[in-house]
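We begin with a single chain expressed as structure tokens, specifically the form predicted on its own.
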Amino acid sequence: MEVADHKTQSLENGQAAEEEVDEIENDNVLQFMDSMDAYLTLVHSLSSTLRQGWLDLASARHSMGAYRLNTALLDHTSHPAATSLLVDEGKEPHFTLCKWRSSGNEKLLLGEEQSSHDKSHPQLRHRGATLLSEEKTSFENKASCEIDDQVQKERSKSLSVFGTLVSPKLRAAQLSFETALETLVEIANTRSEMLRAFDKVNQKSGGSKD
């Protein structure tokens, strides 16, 4: 009787282990399919955004004239990049886009101000969670507005080489290409996730064949 119970228990444990393995494999396949769907969606979005950007740029060139909108007006001297890409080469590589160098410094400044504010007012920690949450939200909203204003200034500054008054289509083209750059970084991160998911599926498939 005890032997039969032991065999039954072993059989149940084996079935549970197989079900767990199947569930993990299904999760890996779903993750791969989701990441592939997100990748294809982003690629389509990038194509549409670039198409709109080129159309807006052509319209701006038509309205402003080729003499006011050409590459000869750009600053070809060596100068700090307004936008940079950070690569986290850890176990799972991740790409981060840092737009508008000045606005990035502004974010750092705001972070330092917040840290010094917290240190100089330690009693705020004892006022209750609700008050702290409200103050944090208020500060974040204020910081977000200041950063947005700085970004707008940087965008206008980058277009100032084409004159004081530029076509609204040129500003639209600038936003389209900026969005396209953000999408490219998202595509890179999504592709990285997709490849990791594919490796998991491939490993499981190879293990099953063996």
Partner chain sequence: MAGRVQIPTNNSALIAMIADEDTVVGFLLAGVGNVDLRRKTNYLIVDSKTTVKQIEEAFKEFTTRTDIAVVLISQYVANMVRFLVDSYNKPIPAILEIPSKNHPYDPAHDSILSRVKHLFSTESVASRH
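Rigid core here is just the name for the largest C-alpha set that superposes within 1.5 Å across the two forms. Positions refer to the first chain, counted from 1. For clarity, every value in this text was computed on a predicted model and none was experimentally measured.
The same protein also exists as the form predicted together with its partner chain; that form is not shown, yet it is the one meant from here on.
Asker: Does residue 52 reach its partner chain in the predicted complex if we count a contact as any heavy atom within 4.5 Å?
Answerer: Looking in the predicted complex, residue contacts with its partner chain do not include residue 52, since no heavy atom lies within 4.5 Å.
Asker: Is residue 24 near its partner chain? Define near as a heavy atom within 4.5 Å, in the predicted complex.
Answerer: The answer is no: residue 24 has no heavy atom within 4.5 Å of its partner chain.
Asker: Hey, in the predicted complex, is residue 57 touching its partner chain, heavy atoms inside 4.5 Å?
Answerer: Result yes; residue 57 sits at the interface with its partner chain in the predicted complex.
Asker: Taking its partner chain as it sits in the predicted complex, is residue 174 in contact with it (heavy atom to heavy atom, 4.5 Å or less)?
Answerer: Within the cut-off, so yes.
Asker: Quick one: name the residues from 70-92 with any non-hydrogen atom within 4.5 angstroms of its partner chain in the predicted complex.
Answerer: If the 4.5 Å heavy-atom criterion is applied to its partner chain in the predicted complex, 70-92 yields 70, 71, 74, 75, 76, 77, 78, 79, 80, 81, 82, 83, 84, 85, 86, 87, 88, 89.
Asker: Align both forms on the core first, then report whether residue 161 has a C-alpha shift of 2 Å or more between the shown form and the other one.
Answerer: The answer is yes; the displacement is at least 2 Å.
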